Structure formats: structure tokens, C-alpha cells
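Shown here is one chain on its own, the form predicted alone, set out as C-alpha cells.
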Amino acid sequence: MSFIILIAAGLLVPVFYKSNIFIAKLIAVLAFIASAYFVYTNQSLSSVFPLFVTDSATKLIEYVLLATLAAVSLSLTGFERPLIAQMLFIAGLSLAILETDNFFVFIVLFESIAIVSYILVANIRNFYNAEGAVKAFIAGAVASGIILLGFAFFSFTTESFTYSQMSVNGKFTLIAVAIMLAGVFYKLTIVPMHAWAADTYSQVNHAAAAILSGVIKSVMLIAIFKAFYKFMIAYPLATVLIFSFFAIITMTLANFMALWQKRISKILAYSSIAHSGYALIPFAAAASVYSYAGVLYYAIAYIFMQTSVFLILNDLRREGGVKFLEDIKGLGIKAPVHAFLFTVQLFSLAGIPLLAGFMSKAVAFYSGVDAGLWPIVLIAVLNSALAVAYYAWIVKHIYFDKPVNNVKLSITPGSLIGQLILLAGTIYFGIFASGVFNATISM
């Protein structure tokens, strides 16, 4: 029912959003609430089709996903109204890919979400939007081709695509998985397949960037971990070497690149790439009993804080033309609500205690220590300390510099409610961790 409601709402919303965006947003929010109810009552795809299964961890990330997209819907204005329908389609497809228990269905849904994401960034208003959208499309098309090539090889080596029954032995399987991972790394913005993300996240509409970098990437982290888990367990040495190597170069290069940026969206884009590196540590530590908890916690924290910062930046650019660090000088005086919300989420991204970003890094890094990968964890801790520099630099401009002008920036009621939902998630999962651990105990 949840899948049907979201897709039906996605088809219905375009009828209203041109004439009355309030009704369109109301339909979207009601669809997200109804879907959460049906997830709670186990009336999802798994209750109808045998190719889908659900468990406590899947339900938890689905609640978080639906709450986040409801918050994004409330924050949108007339300029971003097409995103409402696209979010509903993404929500439906995301629930399906999170619940699937079949590798073939995973590939189909993976590509379906990619197609909707191309439409998501196609709300082009200027040259820079167009450049970001074209880069996302080309990178996505290359990634799709690579993933399908790898899947074609893999299809010859197994008689079943059900996760628990797949054959994962033999050198041809290893080659096929390696090819598919190259395509998956494009989607997760792993270095050196990251270049498109830095430009796309910073140049497309920031509300679309919030969904692309915050929502879709979080969903993909969980779905990819579940899909490739059996491969990672079957090839422990290759798993450690591949994921550790790409985790190190991704977090290190992205953090150094973020240090040199002057455009705020570019800093957040490289920050997003660096977080992809941290998120690979539980993948490398797949042998640890805490690996799934690490991936799940990272996805939950990341979806709240990354979505929030891009939505706030979208507000600031729309209301005050904010683009560069110079533009946010004195923001604490000009827009105190925006400044407070932005600062809290930046601190969470930096990994400050009592916020979700800290707990997610702690759990992810602990899974690495539990698997004996303490050198990788040490490098990640040093990178986290390095990242504090550019987050603190932004906060310094907000509160310790004088404003360039005295123009006050206000926040709309919808945007405020949406940000409070995301803030509640960031604080709750920064304090209460038992829900995530209990949800993953059966993995």
C-alpha cells in the first residue's frame, strides 16, 4: 500500500502544483504520513510480493526517509514545485529498493532511481544549472553502463538472484563484482569517480542537491550494503583492501579540496564526498557484527544533516543571494534562525558530541576497530579533525564577522517546520542509539 500511495500521489500532485502549491504540498505530506502508517502495519511490498522482505532496520530507515521527504516538501516554494512529484516517485522507489531481497530487482530499482534523479536536476534556469545537470546525466549514464556490464557477467555465474541463494564463488564472480562496484562508486561519489558530484551538487538547485546528496545517497548506502553483503563476506581480503583504499583516498582528498573552496555549496559538496569515505569503513569491516549498524547509523545521520544544510543554503540563496563565504558574514545578526539551524547541522557534520553526526562516526569507526582495521580508523579520525577546520571557518563568518549589509532574512513557516523536523532527528539520534542497534541485531 505504501508504494501504491506514493506513486499515485506522485501522479496526482502535478495536477495541483501549478495552480495551488499548498494543496500539492498537503497531498505529498499526507502521502508520506499514510505510507509511514502502512510501513508500521507491515502493509508494504513485502506483504504482497515474495521478492521483497522487511525487518526492523528497513522499517527504521523508511520512517527516517519519509519524515525527511515530508520536511523537504514543507520547505519548498513555487520555484521548486516540480520537485514535489519527483520526491514522491523517489520515495516509492526507495521503499522498494530498501525492501528488495533480489539482486535483479535491486539493479532495476537502482537504475530507476537514477532516471528520476536525472529529472530531479533538470529544473534548469541558467547556464550553471545546465552544466551541473549535464555532468550528473553523463556520469550517471557511464555508471549505469558499467553496472549493467558487471551484472551481465554475474548473471552467467549464478542460478538465483535471491540474496541468500546467490552463488558468490569463482573468479568470474569476483570480476563481475569488481566491475559493478566501479559503477556503484560513481553513484556514491567515491574518489576518483567523484568529480561530477562536486560540480553537480554546487550548481543545480540546492533543494534538488539536498535530495540528491542527502536522501538518495543515504538510501543507496543501505541498499548497496544489503545487496553486496554476501560478496563482501565471501571475499574478506579483497573487501578490506578495496573499501579501505577507497575510503582513505576519498575522505582525505575531499577534505583537502573543501579547505580551499570559497563557494559554500562547493564546500558542502566536497564535505559530502568526504562523508562517503567515512561511510565506506563499515563496508570494509563487513566481517564485524557492528558493520550493518555502522552503515545504518551513518545513513540516518547523514540524511538529516546533509538535507538540512542544503535546504538552508537554498533559503539563503533565494532570499539573500548567498553564494560565497563573504555573503554569510554576520548571518547570526541578519538571519538568526537560519544561522542557528545551519550551525547545529554543521557541528553534526563535523562530529560534535550529542549530535547524530558524532554517533554515526563513532559506530562506523567502532565497526572498523572491531574488525581490526584500526589504522584506517586512525586516518578517519585525523580526517574528521581536519574537516572541523572548514566547518568552523563557516561558523566564524556567521557569528564573528560584521555583516556586509543590514538586510534581514526571514524564514517561512513551512521551511521552519521542515528544519525543526530535521533538527529533531539530528538531536534524537545523537543521544539515543539503542534503536539503531536493536534494529540491526538480526543481521
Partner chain sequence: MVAVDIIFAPIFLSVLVYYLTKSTPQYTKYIALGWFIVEFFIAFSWYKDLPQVGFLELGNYLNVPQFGFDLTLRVDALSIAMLLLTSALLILVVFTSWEEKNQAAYFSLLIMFSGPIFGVFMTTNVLWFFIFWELTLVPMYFLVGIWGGEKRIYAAIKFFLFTHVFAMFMFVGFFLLFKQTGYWDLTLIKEAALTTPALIWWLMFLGFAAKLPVFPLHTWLPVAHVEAPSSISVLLAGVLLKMGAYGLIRFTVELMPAATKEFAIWMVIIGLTTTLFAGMLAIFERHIKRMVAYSSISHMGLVVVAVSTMTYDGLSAALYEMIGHALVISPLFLIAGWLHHKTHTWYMDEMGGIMKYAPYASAIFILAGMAALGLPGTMGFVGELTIIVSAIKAYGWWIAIIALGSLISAGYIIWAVRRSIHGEASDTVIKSDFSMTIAEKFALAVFAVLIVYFGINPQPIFDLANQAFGFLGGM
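Numbering follows the first chain given and starts at 1. Here the structure is a predicted model, which is why all the values come from computation and not from measurement.
Heads up, the form predicted together with its partner chain isn't pictured, but that's what we're talking about next.
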Next item on the list: Work out which of Leu30, Val48, Leu409, Ala392 lies within 4.5 Å of its partner chain in the predicted complex, going by heavy atoms.
Entry: Ala392
Notebook entry, point to check: Which of Met359, Ala133, Met257, Val116 has a heavy atom within 4.5 Å of its partner chain in the predicted complex?
Noted result: Met359
Notebook entry, point to check: Using heavy atoms and a 4.5 Å limit, would one call Ile431 a contact residue for its partner chain in the predicted complex?
Noted result: yes
Check: Could you tell me if Tyr37 has a non-hydrogen atom within 4.5 Å of its partner chain in the predicted complex?
Finding: no
Item checked: Interface membership of Trp374, its partner chain in the predicted complex, 4.5 Å heavy atom rule -> yes
Check: Heavy atoms within 4.5 Å of its partner chain in the predicted complex: does Phe172 have any?
Finding: no
Margin query: Partner absent here, but in the predicted complex, which of 381-389, 61-69, 48-56, 410-418 has residues with a heavy atom within 4.5 Å of its partner chain?
Written below: 381-389
Check: Can you name the residues of 352-369 that have a heavy atom within 4.5 Å of its partner chain in the predicted complex?
Finding: Ile352, Pro353, Leu354, Phe358, Met359, Ala362, Phe365, Tyr366, Val369
